[in-house]
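Here we start with a single chain on its own, the form predicted alone, put down as C-alpha cells.
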C-alpha cells in the first residue's frame, strides 16, 4: 500500500520559496519540457511576461488512467502516451504561458492573465479536450482521460510551492468527483484534503486491525418469499468517526492500492460467517473496476473460498459496467475464469451504463441486477415498461434478474408480477452485522428447509 503521489508532498510542502535551480537546467528527456525543479524560475518568467495589474494562475493536468496503460501495454507505451500528451499541451502554449512536466503523468501550465479575465475555465477545458483525444499506442487506441485543477496567485508574491499545492488540491478534487473534469481551488478544499489524508492513514491500520467488516443485506425470491442469500457490503467501524459507509473509504482504498487487501480481508470474514448458514444460501460480493482487470483475481478468490471450506457455487461476484469499459477483453478473461471455476457472475446496476446490451451480448453473466433508480420509477408507465423489458431480456438469455432498492410491498408485488426473480432492499432488511445476520437466518430457517419471510 502506498500513499498517493500528490499526498506525499502536498501535506509536507515547505512554506518557503526554494532556491531556484540554475538557469539552463536540462529539460525532461522524455517530454522535452522543463522539469519540476524549474517551477520557481518559470513562475518568475510568467510574472515578468504578465501585465502590471494582472495575475498568475497555474493549471495542473493529471492523466486519469495512465497507470492502466502501463499495466496493460507496458512502460514503453506509457512513455509514448506521455510524449503525445506533452506535444498536445505544447501546441496550446502562447507567449503569456509557461509549460512544465511535474513528473510521471502530471503537467503544469502557468498563465498570465487579467484579474477580470474569465477565460481560465475555458482554457482548462480546451486542454482536457486536447489531452483526452484517443491515442494510438502500438497499434492499439487508448483513451487515457485527464483531470485538471487551477489556483491563482492573487498577491503576485505567492511562493511557487504554495501555488502548486493549491492547484494540485483542486486537481485531486476533480479526480475524486469522477475525473475528466476541471476544478478551481477554494480554501475549504485544503481542510478536506487534510481530512482525507487522516482517513488514508487510518485506513491502512484499520484493515490490519479488523475495523473493516462485512455487513449483510438479505436477498429473497420474489415468487416464493424464501431467503436465498445475502450481499456483503463493507462497513468501517472507525474508532473516532463511528460506522462509515463504503462511499467514504472505497475510493481511498483504490487510490492507496489497498482495494485487494480490503476485498480479500472482508471475503475471509464472510467465509467464516457463511459456514454458519444453510448450504443453499449464497454470498454476493462487489469487486471494483480496478480488480476486474487483474488476471490474478479469480485465483485469489478461489484460494480464499477453498481455505474457508466454501463451495465456489455459493459465491456471486457482482461487477458494474464501469469495470467493463476499462478493458472488455481483460474483463472477459476474468469472468470466464470465475465461471469455469463454478463462481457465478452478475452484472450490477444494469441500465446505467452506456452499452448494457453490448456487454450482455459479448460477455457471459449468470444474473442481472436492475439499478435501484428503475425501481423507484416503477409506479410510472415508462418505469414499469423498462423493468418489464429488462426482465424479459434476462429470461430470454437465461439470466435471472434481481431488483435492488425495493422499499414497499407494492414494488415487490409488481416486480413479482413482471417476472423478476429476486429482490433486495429495505423492505426485506437493511444491511446487518454478522451476529444479527445469523439470528435472522435462524429465525427464517427450520428443520424442514427454508421458510418464507414474514410479510
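Residue numbers count along the first chain shown, from 1. Only a predicted model underlies this, so the values are computations on that prediction, with no experimental measurement involved.
Note that the form predicted in complex with a small molecule isn't included here; everything after this is about it.
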Counting non-hydrogen atoms within 4.5 angstroms of the small molecule in the predicted bound form, say which of 54, 405, 35, 400 makes the cut. 405
What is the one choice in 297, 287, 183, 258 with a heavy atom within 4.5 Å of the small molecule in the predicted bound form? 287
Would residue 217 count as a contact of the small molecule in the predicted bound form, using a 4.5 angstroms cut-off between non-hydrogen atoms? yes
Quick one: is residue 235 in contact with the small molecule in the predicted bound form, heavy atoms, 4.5 Å cut-off? yes
If we define contact as a non-hydrogen atom of the residue within 4.5 angstroms of the partner, is residue 266 a contact of the small molecule in the predicted bound form? yes
Is residue 394 close to the small molecule in the predicted bound form, meaning a heavy atom pair under 4.5 Å apart or at it? no
Among 220 to 228, 192 to 200, 279 to 287, 97 to 105, the region lying within 4.5 Å of the small molecule in the predicted bound form by heavy atom distance: 279 to 287
Would you confirm whether the three residues 250, 318 and 431 all fall within 4.5 Å of the small molecule in the predicted bound form, going by non-hydrogen atoms? yes
